[in-house]
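A single chain, nothing else alongside it, follows as structure tokens in the form predicted on its own.
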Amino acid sequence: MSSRPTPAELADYEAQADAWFRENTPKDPGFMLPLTFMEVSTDQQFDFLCAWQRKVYEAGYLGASWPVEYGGGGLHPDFQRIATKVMKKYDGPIMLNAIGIGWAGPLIMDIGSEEEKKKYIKGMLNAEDIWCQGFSEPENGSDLGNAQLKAVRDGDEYVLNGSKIWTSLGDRAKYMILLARTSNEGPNKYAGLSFFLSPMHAPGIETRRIKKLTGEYGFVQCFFTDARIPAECLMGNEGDGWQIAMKTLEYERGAKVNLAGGYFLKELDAMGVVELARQSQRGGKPLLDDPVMKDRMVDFMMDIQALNLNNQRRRMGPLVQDRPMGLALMNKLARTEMIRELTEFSLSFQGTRGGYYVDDPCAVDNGYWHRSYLNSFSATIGGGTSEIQRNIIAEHVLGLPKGR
């Protein structure tokens, strides 16, 4: 890692980044862009976001702090933080390859072999290699410990049979981080799990798109039928899968900072809801004159500020060393549920117009708020449902007794 930059160096870098994103951030591509990486539906959206990620990478503002020998920029992480901050300032499109640069990449940089780093990292950054995640299963949901997709060693290959579901970008990915069962023996269910960096284009792997409540796609179900992948795709040793999956979740749940940069979700700002309320009326009067409305808005703003401050605590090493990462779990649960409540609240004062959706001439802001509300449920499921988060926090963080 390069030495810590001086304030003057950071200021120069921020000025350069500001000029670049001001000049290059696309404002209106002429079609609807996804709010998150979990709802990329069309080839047009996919191609556009691939091109945008590649452009940001080639300009040096994505992967800026990853080592040069693997395709990164070799700069201090403070430079990447500035680049991502400026990216958000200009409200650029999301980074498409969230699983790759957000979770799989940091994992490989953390515990991967030299060969794995050289093989995978650059393709993640420039969007040539899209990644997906094979954790959830149709019968087991977010209960990763009960994963049943089987991987049986046969010579120099593993033979895969089973299914994964809620796989974002699974139909477009080249690789999958895959949790599979290689044994039913051992002291507990976790001992028989193994972790693979699996290709997605092997014979016997099929995907089926799942239509979401919003009418968009993005999730798929993946079917593995005697699919053969090279044995070298195994990460670590057989039986290490649970430990490696938990390390992956450190990035997915935000316990560790994503040093590659970029952002994958368009998060709502409470001020946007304030502006919406400012333009609305109830009983012929501005909605913001209603004291109850003011109280609710202030509550949301306080919640957002608290979550942002809590987010800063993730950089304090001693606060994120515990298992199962109480701070990250709490942040994930609180933020996703708060966004769902905020978007629902935004619909509540649109009256009957709140029922109109995207492209309907009667819809407020072309249905943006309605779409945001429906999409907000995705984040309360991805990375572990809110119900699972509450159970883990209750049993393993607070030490409450398990339910029957």
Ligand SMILES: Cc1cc2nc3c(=O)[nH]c(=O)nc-3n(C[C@H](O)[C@H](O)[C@H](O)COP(=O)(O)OP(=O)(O)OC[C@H]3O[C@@H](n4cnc5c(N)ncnc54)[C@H](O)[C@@H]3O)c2cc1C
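So that there is no doubt, residue numbering starts at 1 and follows the sequence shown. On a predicted model such as this, the values are computed, not experimentally measured, just so you know. For clarity, a rigid core is taken as the largest C-alpha set superposing within 1.5 Å between two forms.
Just so it is clear, the following notes concern the form predicted together with the named molecule, a form of the same protein that is not shown.
The site is blocked: after superposition of the local C-alphas, three or more atoms of the named molecule, taken in the predicted bound form, come within 2.4 Å of this form's backbone or C-beta atoms. Look at 162-170, 296-304, 191-199, 230-238: in the predicted bound form, residues with non-hydrogen atoms within 4.5 angstroms of the named molecule sit in 162-170. The named molecule in the predicted bound form is not approached by residue 35, whose heavy atoms all lie more than 4.5 angstroms from it. Proximity of residue 247 to the named molecule in the predicted bound form falls outside the 4.5 Å heavy atom cutoff. Taking non-hydrogen atoms only, residue 99 approaches the named molecule to within 4.5 angstroms in the predicted bound form. Interface residue remark: residue 135 is counted as part of the site for the named molecule in the predicted bound form, having a heavy atom within 4.5 Å. Shown without its partner, the chain has 212, 219 in segment 184-221 as residues with a non-hydrogen atom within 4.5 angstroms of the named molecule in the predicted bound form.
Relative to the superposed core, residue 395 undergoes a Cα shift of 2 Å or more between the shown form and the other one.
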